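This document starts with one chain, in the form predicted alone, laid out as structure tokens.
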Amino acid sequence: MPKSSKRILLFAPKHTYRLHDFLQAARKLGIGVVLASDRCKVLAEMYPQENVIAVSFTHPDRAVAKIQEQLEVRSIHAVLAADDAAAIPAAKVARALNLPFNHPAAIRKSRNKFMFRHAMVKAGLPSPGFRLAGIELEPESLATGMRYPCVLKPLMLSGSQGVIRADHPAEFIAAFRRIRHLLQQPEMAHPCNRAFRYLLIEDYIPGQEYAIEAILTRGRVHLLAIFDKPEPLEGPFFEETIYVTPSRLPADRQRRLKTELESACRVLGLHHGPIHAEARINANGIFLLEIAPRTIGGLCSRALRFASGMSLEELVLRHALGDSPANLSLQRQASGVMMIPIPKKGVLKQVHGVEQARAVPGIVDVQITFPLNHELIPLPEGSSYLGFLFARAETPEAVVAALSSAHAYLQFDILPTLAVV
């Protein structure tokens, strides 16, 4: 158990779901936390007991200077990032403090989908055909030369935002224009980030999809959980809903998945800390879709409890301070989470059926995280969920049934968004 004298520097972007659970885990373990955020004032009001430092995530070198200026760095024992946007500044600060973390170049390679695809080919791992296209191009000139079905996606977004399947040239042209419009929004990217001027076009990969939670220690992968995704993800958009563990994937496939994940991390240059990966498996092999050097997104980590009752955040904090994750196993019961999808665009006015959903056998929690009177934006433009359902039962099948039944009780009053003239 880490001692109370230990302090962690936690980088947290303003829109992360993850902060509360990390802070709760730190308090349980008696670990001090210093927050580094791009929304210092709001977080300081939400967490007045924490030391909060304002940093720019779009200027990582400035973040390093600010941390060194305002903090007694010798009292920091580990650095963590709560989300993708915080990973690069966290990596640079960790290097400046000589603390374990992934190299900034490895993080860039894992986050950029084009660079990631090149790395998979270099590692000799199964990969779809792919090409890069500038968003200034006219899609009509590209559409006739494509193999169909294909998938178009931005290089740097996550959570399936901007990812669209096209089955013929007309769908390709529409998808290209839609993603270009998304990437040209002023809030989407820092103007210096060239990755937002391109999109990736890949051959569609059929097969069953899985999510993998793991932790890296000196380049070695320790699998924590494999989630099945029982609902088909075939497009045209790829909104994820149910995750359930333990996986029903055969043991030999699980071992192969671990081996290929380790190879992919090695070629990316990732070697330390939490890993969240996505993969599709079909008769042609295991196709890794992404590897992110962070924990699972949203509130989904609450579906994981280890044999001692430890949360994923506790495990990650302890690992950052030098503990080994070896011999840790999940609790015996099957568990799962459902990310509640957004049914349509509009302003959320009311949510009905929450208590009925909570009463479904197997349901352990219902969290509606989207605020009332705010605009809902569904995929592919949106990046949020309405909330999360959590379930535990004796079998994965019972977990899926509980989540589906609970979701059926939820009803949402959504008013159309008024156009601004």
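The numbering used is simple: start at 1 and walk along the sequence shown. Just so you know, these numbers come straight off a predicted model, no measurement behind them.
Keep in mind the form predicted together with a small molecule is missing from the figure; the text below concerns it.
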Candidate from Val347, Leu137, Met188, Ile205 lying within 4.5 Å of the small molecule in the model of the complex - any heavy atom: Ile205
Partner-contacting position among Arg180, Arg280, Lys109, Arg302 - heavy atom within 4.5 Å of the small molecule in the model of the complex: Arg280
Among 89 to 97, 329 to 337, 151 to 159, 172 to 180, the region lying within 4.5 Å of the small molecule in the model of the complex by heavy atom distance: 151 to 159
Heavy atom of Val163 within 4.5 Å of the small molecule in the model of the complex: yes
Heavy atom of Phe196 within 4.5 Å of the small molecule in the model of the complex: no
Non-hydrogen atom contact Asp323 with the small molecule in the model of the complex at 4.5 angstroms: no
Non-hydrogen atom contact His77 with the small molecule in the model of the complex at 4.5 angstroms: no
Non-hydrogen atom within 4.5 Å of the small molecule in the model of the complex for each of Ala123, Arg220 and Leu224: no
